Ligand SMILES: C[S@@+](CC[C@H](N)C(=O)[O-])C[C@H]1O[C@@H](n2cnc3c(N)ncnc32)[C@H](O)[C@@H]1O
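Presented below, as structure tokens, is a lone chain in the form predicted on its own.
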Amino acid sequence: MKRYLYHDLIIAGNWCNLKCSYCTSVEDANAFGSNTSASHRRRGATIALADVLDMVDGLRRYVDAPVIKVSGGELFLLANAVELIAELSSRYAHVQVLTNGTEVTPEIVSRLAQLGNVGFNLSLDGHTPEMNAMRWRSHHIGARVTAAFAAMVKECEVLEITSVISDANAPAFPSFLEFLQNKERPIIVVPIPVRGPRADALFSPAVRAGFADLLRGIHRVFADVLCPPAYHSALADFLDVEHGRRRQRCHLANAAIQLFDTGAVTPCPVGWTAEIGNMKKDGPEGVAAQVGVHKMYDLLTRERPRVPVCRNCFSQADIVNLYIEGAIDIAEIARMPLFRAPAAQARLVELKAAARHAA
């Protein structure tokens, strides 16, 4: 049995109702198969629950993880997404659901919150239409996301927000954090920079430098709504010292594994690199034989990143890297919803010890 921190499940990854200016995921998902579990690509589509759960359970037999992240595309375009999440909640200590919020109703939020071990990660770039200009194309979309946000704040124990930082929202980011303070429930924001081929155009060098400078002091004012301070320091260095080129080793391939509903399995849930096996073609045992030993693992975990997609990558997963490297302690990382379950914290301690032993 191989022991990881989390599984990352992608359902209909090439189907989303937004066309975010900085998105690469929907297009990239096509590289891992277009034959998804969605019955069709229009409202009312359903997930082939039995098929997806069979693959999840097959993976769990060989690769243990206490936590799962599940997303699309936009997962809630699928009519039975709540049923899938409920099934996953019975299999994992914690389920994190990634969503753009456009299809999430207060009723959905309430049903999932009542499960007790399900949390949301909401993609939200700010509290104004202007800050979300690279995401929203109409005020109707903004109104729906705002309603979903309000329901999550009301119902969720902790809400995690991922904000993609670009020219549209970087200057006003402190005002967004001020807006989030003193809400009914705790909120934690994780800023991530635009990635991919359009990064320089959408997040210009001057704005990057200004945001990096802001990051170095922001925690003193907004610690209650931000992830650990070491993350912001590392992101600031990535932006203006390293000029957007990663130099540090990444441990994520040894902590997480990604499964697409097409059956494809990849070794990194952030930079989609290469399929190491397919649950539908190779079966769970065949896939498991490649986990941790496929040649991609050596490439992905080298001290100086060698894979092109890794060289300009900085994401919320770097919180895990910083913990393993000793820059974040267990109490700090446990504030993050993904790692609040005791089983997740125990696995983090185990992975950190394994990384030190390997070094």
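The first residue of the sequence shown is number 1, and the count goes up from there. Bear in mind that the values here come from a model prediction, so they are computed numbers and not experimental data.
Keep in mind that the form predicted together with the ligand is not shown, yet the notes after this line are about it.
- Heavy atoms of no residue among H94, N117 and I187 are located within 4.5 Å of the ligand in the predicted bound form.
- In summary, the region of this chain contacting the ligand in the predicted bound form, judged by heavy atoms within 4.5 Å and restricted to 231 to 239, 108 to 116, 192 to 200, 207 to 215, corresponds to 192 to 200.
- For the candidate set T162, Q248, S175, T273, a heavy atom within 4.5 Å of the ligand in the predicted bound form is found for exactly one residue, namely T162.
- The single contact residue among V225, L98, A79, A147, judged by any heavy atom lying within 4.5 Å of the ligand in the predicted bound form, is L98.
- Though the partner is left out of this view, N132 does not reach within 4.5 Å of the ligand in the predicted bound form, counting heavy atoms only.
- When contacts are judged by a 4.5 Å heavy atom cut-off, P267 does not count as touching the ligand in the predicted bound form.
- Taking the partner from elsewhere, C23 is found to have a heavy atom lying within 4.5 Å of the ligand in the predicted bound form.
- Taking non-hydrogen atoms only, G73 approaches the ligand to within 4.5 angstroms in the predicted bound form.
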